[in-house]
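Read the single chain below, which is given as structure tokens and is the form predicted on its own.
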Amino acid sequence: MSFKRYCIACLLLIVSTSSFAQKTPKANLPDFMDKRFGMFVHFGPITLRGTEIGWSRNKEVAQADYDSLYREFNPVLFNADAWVKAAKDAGMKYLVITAKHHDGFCLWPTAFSAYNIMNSPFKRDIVGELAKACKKQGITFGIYFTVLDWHDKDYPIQNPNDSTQNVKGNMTAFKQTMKDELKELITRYTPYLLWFDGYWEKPWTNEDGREIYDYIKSINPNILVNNRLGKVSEVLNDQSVGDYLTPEQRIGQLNMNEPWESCITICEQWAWKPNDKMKSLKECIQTLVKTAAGNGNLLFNVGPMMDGRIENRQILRLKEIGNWMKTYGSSIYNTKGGPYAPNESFASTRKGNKIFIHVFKHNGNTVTIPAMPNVTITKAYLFNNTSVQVRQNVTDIQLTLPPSLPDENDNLVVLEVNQNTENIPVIK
């Protein structure tokens, strides 16, 4: 081999080992971020005990009991159309189902594990029925998949709470099963996105994540993948594996550069729990608003009951959010966050020449926000077109609200300005 050819070969090797075979096209991300609001669903045999999915195995529920629950799992009142309708009525644009959580149970009829829905009394493809219902109702479909599996004998960790139960395992065989199962999910159900979890345990490496990411892209280059395939979870950089950030049980920080999605529960537990404390309508709405104001999406979780139904109280709360979105949704969908970072008093989104100021708290009828240099407010009004008085000066902007306000959860002031609001720098 000539020296020139040797150098080219070395360069190709470096590129192939230090970067992805194919990244998700950047043009795909704006469509996802415009959706702003989705439903997360955690569901499986553990609903028979009412404890947390995956995590209660070998804690609240003994391993032998947990691993046998599928023999009783028969959610006869499961109705995919009803779940998707609940999401749609809430104003949600996409849905993500836990096809396989850390307990290893598969909600679809996989050929690569006997621990799946067809070996339960239910014997119906939950993932497939949800994919069809989402397509029928115009909701984007996504799939959650774990990168660890405490039930699989090829995975070295069998019990994260007791290392004496761990095994040697075979990560090469484990990854092949992952690939086989993911190929089934991608080719059968054509998900828009794959939502991974479980990256933190030692047997899983960043290189494993890159291998799986590249394999996914070899099947469908357009599918979105969250950032939990690799070991870097808080930022997107050259070491990250995935397309967007996923802060959990907290609202992400204002970030105009990296796409992100907060996953947060409507109650306290991810899976169904009897009498679990549910968030108030005000907390739900303000969580959604603050997420959009930070330029992120909200993946809001429900946990259906053991019979397959989503609790009626959760359905009603989702409808209440949906009713709010019918009025104010244009201040959430297809917007950008900012220019102000959200806080406990107000948050803001923007689109075109409009800034939407979501007011949570105010002194009397006055709301004071920081000044916007070189920006002139030409008009200000509530979302019901009631005029709002504005006083602009060098240091701040004072908005005087009318005595009677339309919404106790979030009063929305629209500011029309003399320029494209996306050009306004973030104001802290």
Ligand code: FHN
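When you see a residue number, it is the position in the sequence shown, counting from 1. Worth saying up front: this structure is predicted, and the values here are computed from it rather than measured.
Keep in mind that the form predicted together with the named molecule is missing from the display, and what follows is about it.
Mapping the unseen interface onto this chain, residue 248 counts among the residues with a heavy atom inside 4.5 Å of the named molecule in the predicted complex. The named molecule is not shown here, and in the predicted complex it never comes within 4.5 Å of any heavy atom of residue 290. Although the partner is absent from this view, residue 102 contacts the named molecule in the predicted complex, with a non-hydrogen atom inside 4.5 angstroms. Shown alone here, residue 267 lies farther than 4.5 Å from the named molecule in the predicted complex, counting heavy atoms only.
With the named molecule left out of view, the stretch that reaches within 4.5 Å of it through heavy atoms in the predicted complex is, among 25 to 33, 382 to 390, 357 to 365, 49 to 57, 49 to 57.
With respect to the named molecule in the predicted complex, the three residues 40, 195 and 200 uniformly fall within 4.5 angstroms at the level of their nearest heavy atom. A single residue from the set 216, 285, 254, 263 has any heavy atom within 4.5 angstroms of the named molecule in the predicted complex; that residue is 263. For the options 144, 204, 94, 346, the residue carrying a heavy atom within 4.5 angstroms of the named molecule in the predicted complex is 144.
Residue 228 is the only member of 224 to 239 with a non-hydrogen atom no more than 4.5 angstroms from the named molecule in the predicted complex.
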